[in-house]
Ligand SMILES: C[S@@+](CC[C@H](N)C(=O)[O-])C[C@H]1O[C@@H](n2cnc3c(N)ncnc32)[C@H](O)[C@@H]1O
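Before any questions on binding or motion, here is one chain by itself as structure tokens, the form predicted alone.
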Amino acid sequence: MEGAYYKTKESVEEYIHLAKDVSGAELIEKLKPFLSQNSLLLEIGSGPGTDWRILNESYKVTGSDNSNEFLNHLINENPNGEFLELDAITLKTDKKFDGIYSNKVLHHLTDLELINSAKRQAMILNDNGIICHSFWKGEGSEIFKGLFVNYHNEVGLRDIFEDYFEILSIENYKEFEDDDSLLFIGRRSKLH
């Protein structure tokens, strides 16, 4: 469910300004023990490119977004970077990756869309591929700035990902308030 918020130049500029001091540096540190340096990594929803630049220091990162405005920004800011226009559900690419990362992106999907995304992520990962995703913690869903936001808890994330991934870690962390977020790390199951 994609709103128009990330699709206009004005909203993208507003988001970049609002998120200028926010990064997933701490989340990326939690990924490092599971995904070796120089691994091929796909970032879903690179947005302003803050996490992409941090990831790029350790990994061979392909950024992606479903917004042409964000893609234009990413390419202009990082002319040597590789970026794809990808939908977080279908992830239509022939490339294979060692890891997939997103920071507060997949919460824009319904539970069914997230299951489909998890299945597709398993398909584009190499053997023993790692996923690392952050979510807002809570119950239910809402529309925020015209965008669907789906809240998650540990049990729900286990139910969604366990058919495709061995769960390595699910932990609470603080983005703005204590325990308002969850970080999920999993390894592609041998079955897929």
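Residue numbers run from 1 along the displayed sequence. No experiment lies behind these values; they were computed from the predicted model shown.
Only in words, not in the display: the form predicted in complex with the ligand, which the text now covers.
Within 4.5 Å of some heavy atom of the ligand in the predicted complex lies at least one heavy atom of A88.
With a 4.5 Å cutoff on heavy atoms, N103 counts as touching the ligand in the predicted complex. A residue is said to contact a partner when one of its heavy atoms sits within 4.5 Å of a partner heavy atom; N56 fails this definition for the ligand in the predicted complex, lying far away. The ligand is not drawn, but in the predicted complex it has a heavy atom within 4.5 Å of N66. With the partner omitted here, the stretch from 48-56, 159-167, 31-39, 125-133 that lies within 4.5 Å of the ligand by heavy atoms in the predicted complex is 48-56.
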